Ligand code: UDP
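Only one chain comes next, encoded as structure tokens, the form predicted on its own.
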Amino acid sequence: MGDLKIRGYDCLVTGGAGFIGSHVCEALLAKGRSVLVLDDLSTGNLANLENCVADPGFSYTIGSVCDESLVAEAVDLCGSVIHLAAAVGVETIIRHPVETIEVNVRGTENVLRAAGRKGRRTFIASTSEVYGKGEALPFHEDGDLVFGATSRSRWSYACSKTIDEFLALAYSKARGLPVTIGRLFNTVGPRQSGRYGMVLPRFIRQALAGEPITVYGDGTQTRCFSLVYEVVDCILALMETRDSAGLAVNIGSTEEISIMDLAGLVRKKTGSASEIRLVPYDEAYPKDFEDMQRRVPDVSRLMGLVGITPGAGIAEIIDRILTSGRHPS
């Protein structure tokens, strides 16, 4: 399956061997759609696709979205594109800043160029990080974006994804490409790994192992966590909604929880005796690290377009992860 098969597919999923991508593939196949995955396995894992490989409508090829000719060939074979391939997690962003910018910008440019030539229906995965240091909560898609200094590498990721959005909207306006941008807010669930800095799987792994649950900073920072299955439902619904073309759309839960409270809830749900330990940012990350205190989406646009939003509570989400049999690594 390493080489592209000359056949038609309903959808190309870049980054399809990743956490969210693999769930997207399963959902598409369940709807009877054929799927081609393109993934370089830098952070994805073929084990995530174990429920897909036996389906005759599924295939994958190992390669990078930075390979322009490979992307063009893959897009040619598919009727639509869900572009999820990107640098993943705070750890990756901070430790590998060059690769982060290159993969996000060049990869998305290749996808949009190929999709633009063929007029393919396209979804571009963006992130709540584009809101940067904004304080006008809840974040609305048409609100101003506020970034920190270029000396702080955290914001290079936010800027690279913002460039992706500008480029996608340019293709929409100038070339009529039916493209929708989804700004994802802290998507979590079974199969997510904590090795790239994702906080919830890291907490669960530490609690189950009886290790200290390490909270970076003072723990008062808050986030809204969304169950991956519901996020995928929203992505697919947006792809099927013509009115979402040419728009950026927040996809996330509006239930806000502090990271300290999250650590306590994980400890309670796992029955762990682990201590909760505060770790200063300058011990966890390079000294130029800067965080956002709150991150809450306005999901009125999403609700107006597709009539659904992620609604599972964080307690339910933790239960789903613990009973899935796929505990975080």
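Bear in mind that the values here come from a model prediction, so they are computed numbers and not experimental data. Residues carry their position along the shown sequence, with the first being 1.
One more form of this protein, predicted together with the named molecule, exists but is not displayed; see below.
For this session: Flag residue 208 as yes or no: does it have a non-hydrogen atom within 4.5 angstroms of any non-hydrogen atom of the named molecule in the predicted bound form?
Result: Answer no; every heavy atom of residue 208 is more than 4.5 Å from the named molecule in the predicted bound form.
Exercise. Taking heavy atoms and a 4.5 Å cut-off, does residue 295 contact the named molecule in the predicted bound form?
Worked result: It does: once the named molecule is placed as it appears in the predicted bound form, residue 295 has a heavy atom within 4.5 Å of it.
Problem set entry | Contact label in the predicted bound form: residue 129 to the named molecule, heavy atom within 4.5 Å | Flag for residue 129 set to yes.
For this session: Consider residue 261 of the chain shown here, and say whether it contacts the named molecule in the predicted bound form, taking contact as heavy atoms within 4.5 Å.
Result: It does not: once the named molecule is placed as it appears in the predicted bound form, residue 261 has no heavy atom within 4.5 Å of it.
For this session: Scan 178, 197, 97, 138 and let me know which has any heavy atom within 4.5 Å of the named molecule in the predicted bound form.
Result: None of the others qualify; the residue that does is 197.
Exercise. Which residue, 80, 156, 254, 186, has a heavy atom that falls within 4.5 Å of the named molecule in the predicted bound form?
Worked result: The residue from 80, 156, 254, 186 that makes the contact is 186.
Problem set entry | Segment that reaches the named molecule in the predicted bound form - one of 108-116, 214-222, 230-238, 144-152, heavy atoms within 4.5 Å | That would be stretch 214-222.
For this session: At a 4.5 angstroms cut-off on non-hydrogen atoms, which residues of 270-305 are near the named molecule in the predicted bound form? List them in order.
Result: The stretch touches the partner through 281, 285, 291, 295.
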